[in-house]
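Okay, so here's just one chain, in structure tokens, the form predicted on its own.
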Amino acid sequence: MGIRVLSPGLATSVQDLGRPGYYHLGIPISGGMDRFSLRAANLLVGNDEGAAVLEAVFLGPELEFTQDATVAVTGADLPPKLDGEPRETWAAFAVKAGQVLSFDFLKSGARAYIAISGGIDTPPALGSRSTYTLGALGGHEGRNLMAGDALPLGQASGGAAEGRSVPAKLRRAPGTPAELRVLTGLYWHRITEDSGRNFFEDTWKVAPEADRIGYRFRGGQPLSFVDRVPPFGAGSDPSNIVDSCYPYGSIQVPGGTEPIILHRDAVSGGGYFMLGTVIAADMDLIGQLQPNTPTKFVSVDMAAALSARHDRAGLMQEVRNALS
């Protein structure tokens, strides 16, 4: 088969770059929360950038290999061990059939990406192997891994090279405090000027309710809303709107108290107003935030958002060049 799961860790799932094109039907894109790290891990082991990997949250799995392979672990600093011997993160290393890959305690970040030469070869669903647990779709039986699971591997390309690594200067991680750039949205006018200023001036902290669906934040001042006559269908709470579509990265604030950033497994619409949207270039960083991480929201305009996207694409190209 390729891999036998001895211990699944806290929440380990099969993920690739997701299944775009179905959000209007209520099926989210899913895929890696930190797409940069997922791509880099695959490049290290000679895979296509979008090959399926394992995404491990906070606590790594224990995996027994039934065939030779090349492995790389990127993203969170979750130190890998091969038969108990430490291995480097952001670097490719060889694994022999019968060896066991395990992990030490998490040092920083939240999600590690475990790429294996050939990729995880579970059956695709709607064009992707990504796991969407709420819909029991994709991955391994539509769920997180469990002890005893067997995972097949695809045919390795032969491009893997043990020992090569991503230079430290090209690895991307949140700062302290983390900074998330935001484009204010269509409903920004619903809050008062003071509330808008406070939202960006306050330091927030990641709440324990932070997962693939959304990240909740606490610690800032509650929002004050501009008085209105509630439109039909919106309800009396000033944070409610007539149901609308939610873009990825949108920031909803139910009751005006705790912002929630919608992420890869988020629903596609609902009745909470959206203060704005985290820019695409910073979505990967959210997936590496631990609970209680201090976070600042930074207001940017469209030109800055597009420039950040260009810079992020340039960083990914530097990784490709370094590993080619």
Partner chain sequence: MKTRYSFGGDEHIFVEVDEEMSLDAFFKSLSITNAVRESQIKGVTEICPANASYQIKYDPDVIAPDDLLAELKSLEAAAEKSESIIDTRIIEVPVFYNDPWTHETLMRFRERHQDPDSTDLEYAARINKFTSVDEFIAAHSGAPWFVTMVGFVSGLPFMYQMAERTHQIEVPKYLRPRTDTPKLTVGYGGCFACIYSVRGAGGYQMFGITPMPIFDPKQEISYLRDFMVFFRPGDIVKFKPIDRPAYDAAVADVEADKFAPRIREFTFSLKEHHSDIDGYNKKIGEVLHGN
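Residue numbers count along the first chain shown, from 1. The shown structure was predicted, so the numbers you read here are calculated from the model rather than taken from an experiment.
One more form of this protein should be noted, the form predicted in complex with the partner chain, which is absent from this view; the next part is about it.
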**Message:** Based on heavy atom distances of 4.5 Å or less, which listed stretch (61-69, 41-49, 270-278, 284-292) is in contact with the partner chain in the model of the complex?
**Reply:** 270-278
**Asked** Counting only heavy atoms and a 4.5 Å cut-off, does the partner chain in the model of the complex sit next to every one of A136, L183 and G233?
**Response** yes
**Asked** Looking at W90, F225, W204, Y246, which is the one with a non-hydrogen atom within 4.5 Å of the partner chain in the model of the complex?
**Response** Y246
**Partner contact for V242 in the model of the complex: the partner chain, 4.5 angstroms, heavy atom** = yes
**Prompt:** Looking at the partner-bound form in the model of the complex, is H189 within 4.5 Å of the partner chain by any heavy atom?
**Reply:** yes
**Request:** Examine G255 and determine whether its closest non-hydrogen atom to the partner chain in the model of the complex is within 4.5 angstroms.
**Result:** no
**Message:** in the model of the complex, is there a heavy atom of the partner chain that lies within 4.5 Å of any heavy atom of A156, even though the partner is absent here?
**Reply:** no
**Residues of stretch 110-127 in contact with the partner chain in the model of the complex (4.5 Å, non-hydrogen atom)** = L126
